[in-house]
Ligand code: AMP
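Just the one chain here, the form predicted on its own, laid out as structure tokens.
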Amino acid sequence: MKILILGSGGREYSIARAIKNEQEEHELFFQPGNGATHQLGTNLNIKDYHDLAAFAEENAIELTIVGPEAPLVDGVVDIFKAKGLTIFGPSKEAAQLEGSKVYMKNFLAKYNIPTARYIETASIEDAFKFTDTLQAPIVVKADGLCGGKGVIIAQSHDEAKIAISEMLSGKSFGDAGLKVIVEEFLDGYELSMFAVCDGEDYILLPAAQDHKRLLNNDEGPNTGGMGAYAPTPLVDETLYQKVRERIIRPTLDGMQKEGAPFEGVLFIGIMVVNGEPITLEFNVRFGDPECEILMPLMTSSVSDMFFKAATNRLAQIKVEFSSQHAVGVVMASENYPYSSSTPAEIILDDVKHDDIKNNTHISFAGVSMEDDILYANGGRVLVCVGLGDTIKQARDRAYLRCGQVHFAGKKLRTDIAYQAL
């Protein structure tokens, strides 16, 4: 099958890697890809979505998979479908579940899906008034896309009001913050759950836990994610069933009623409070680095799952996972997440040990290639993934692989999966 993957991160690399490992031959294309994806397929440089759809049509691309949120919110799926092309991801209208936090919160309220008490407003007075009714800490969110950084957990009322003021003035996040959500802080533990949807049916993948903060013990600023593990022992069948019945089913039914059937990945950020799942947020694509640990756990065909979802035929397949655990450790560049970093040469040791060779791999993200030399380009550079029969074994293997990657200023957490261990 000829497959086009949109995106340039570790998420897209890991999807491609899983497809490459299948029994059948696939030809892969990336727009734009990164400095390592050319080892899996062909990198393209076609920025305009209409031109990209024309390329897909001319080159008989049988399936397009959209990785990041921005193209989805911009309507790339609608452009491809207008040409009769098969593409995996939600329409522009359905992508508002991530593109607008206001749309999402109002949708949750309309369809009685459990979520935190909130106000959405562009009025600083209303926001302040509602803030005074809450106990600290208080959650303040910008409405639009902020690359995973538009959520502030304020430790006091004063801090919340400063965050609200800076968002509404455009100082913090520009136009993305000109409407805000202020909501109550939920005290529990957080989970990432992913449902692959075809508008009507869905497949729920094993629950994962992400580590958002930069430093050990969940300290420091929020990032796009410094590591993740799956499946988590913090979920049992009872909790999965509650998520299916109270969150996923009413969401798919509700989006049908809104005239925007949801196709693609529904990423549910959940807070579990006293055993009850509460929806923190929706995203409309795989999490990164969660995707990097879920893909290698799939034992059935990854490409077939995406293709059947994109052609509304999920009911025809059974998706299967290994009984193993996966742990992913992000290696970031020196100045992440504060500012850009100087490109640094990456040196990868030869893996001599069979145990590490067979049970770990690297998903590349913020890298470039020049004269056959791989460089860390800034941001999150790569993810070292370890597999094992236990979380501890998977984690130990992931960290052994991290020890074989070298570049100036490399930064990583040393406590990934500590919640489970």
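When you see a residue number, it is the position in the sequence shown, counting from 1. These figures come from a predicted structure and were not determined experimentally.
Keep in mind that the form predicted together with ligand AMP is not shown, yet the notes after this line are about it.
(message) What I'd like checked is whether Ala326, Asp396 and Leu400 together line ligand AMP in the predicted bound form, meaning each has a non-hydrogen atom within 4.5 Å of it.
(response) No residue of the spot touches ligand AMP in the predicted bound form.
(request) Scan Glu120, Glu281, Glu93, Asp198 and let me know which has any heavy atom within 4.5 Å of ligand AMP in the predicted bound form. (result) So the residue touching ligand AMP in the predicted bound form, by this definition, is Glu281.
(message) Which residue, Lys212, Lys179, Lys161, Lys308, is the contact with ligand AMP in the predicted bound form, using a 4.5 Å heavy atom cutoff?
(response) Contact residue from the list: Lys212.
(request) Report whether the minimum heavy atom distance between Asp304 and ligand AMP in the predicted bound form is within 4.5 Å. (result) It does not: once ligand AMP is placed as it appears in the predicted bound form, Asp304 has no heavy atom within 4.5 Å of it.
(request) Using a 4.5 Å heavy atom cut-off, state whether Asp78 contacts ligand AMP in the predicted bound form. (result) Heavy-atom contact with ligand AMP at 4.5 Å: absent for Asp78.
(request) Report whether the minimum heavy atom distance between Phe185 and ligand AMP in the predicted bound form is within 4.5 Å. (result) Residue-level check for Phe185: yes, a contact with ligand AMP.
(message) Can you tell me whether Glu258 touches ligand AMP? I mean in the predicted bound form, with a 4.5 angstroms heavy atom cut-off.
(response) Glu258: no contact with ligand AMP in the predicted bound form.
(message) Please pick out the stretch from 313 to 321, 273 to 281, 168 to 176, 345 to 353 that is in contact with ligand AMP in the predicted bound form, where contact means heavy atoms within 4.5 Å.
(response) Selected stretch: 273 to 281.
(request) Scan 61 to 85 and write down, in order along the chain, each residue with a heavy atom lying within 4.5 Å of ligand AMP in the predicted bound form. (result) The stretch does not touch the partner at all.
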